[in-house]
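Taking the form predicted alone, here's one chain by itself in structure tokens.
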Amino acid sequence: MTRDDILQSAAQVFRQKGFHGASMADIAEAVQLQKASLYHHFGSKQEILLELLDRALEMVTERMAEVMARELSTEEKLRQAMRVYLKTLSEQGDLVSVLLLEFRSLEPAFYSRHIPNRDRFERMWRDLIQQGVDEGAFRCESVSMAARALLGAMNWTVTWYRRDGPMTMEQIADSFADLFLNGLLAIGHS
């Protein structure tokens, strides 16, 4: 039994029961370990949660960095970043659900270790939007608010997206990108 196996199972347990509803015994049972053996790998449920959050953020940050490094227009970079991020959310459902829904369960000491990683990821989105503003491709009153709105819309898909639904995650990403880049108003509408 590896740490990765335990973390994968813990993510499933946290997604199903919520962090506060899950116990170390639930995680141990999911990986078919004695509870005492689980403590050999992790000192606490908080430690497991922090490692899950770190892994999730590392994954989405690396994927975002790959998009940011591409030689593309800012508009296309934003579209691709949205596609990659939403694809990751759909493929890594347990892990990202923990990231998006359980981070508030961290105790203060663990929370303060988590926040710089989260802020770094959010800063990548703000920087991309700011680049578009600086180039004259995007217009917004507040880059920070635009990034939060964009992330909020995408993050919430973990609660409603279904693989067997009417749209693929790529179609949803393109729809969101069109909405954010073009807005709701019809061109020429006064």
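We number the residues from 1 along the sequence you see. Bear in mind the structure is a predicted one, so any value in this text is a computation, not a measurement.
The same protein also exists as the form predicted together with another copy of the chain; that form is not shown, yet it is the one meant from here on.
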{"property": "Every residue of M24, D94 and R123 near another copy of the chain in the predicted bound form, heavy atom within 4.5 Å", "result": "no"}
{"property": "Contact residue in the predicted bound form, from Q46, N155, Q131, T61 (heavy atom within 4.5 Å of another copy of the chain)", "result": "N155"}
{"property": "Contact residue in the predicted bound form, from V31, L50, A146, M68 (heavy atom within 4.5 Å of another copy of the chain)", "result": "A146"}
{"property": "Non-hydrogen atom contact K87 with another copy of the chain in the predicted bound form at 4.5 angstroms", "result": "no"}
{"property": "Partner contact for L78 in the predicted bound form: another copy of the chain, 4.5 angstroms, heavy atom", "result": "yes"}
{"property": "Contact test in the predicted bound form: D164 vs another copy of the chain, heavy atoms, 4.5 Å", "result": "no"}
{"property": "4.5 Å heavy atom contact, S142 and another copy of the chain in the predicted bound form", "result": "yes"}
{"property": "Residues in 97-114 with any heavy atom within 4.5 Å of another copy of the chain in the predicted bound form", "result": "L100, L101, E102, R104"}
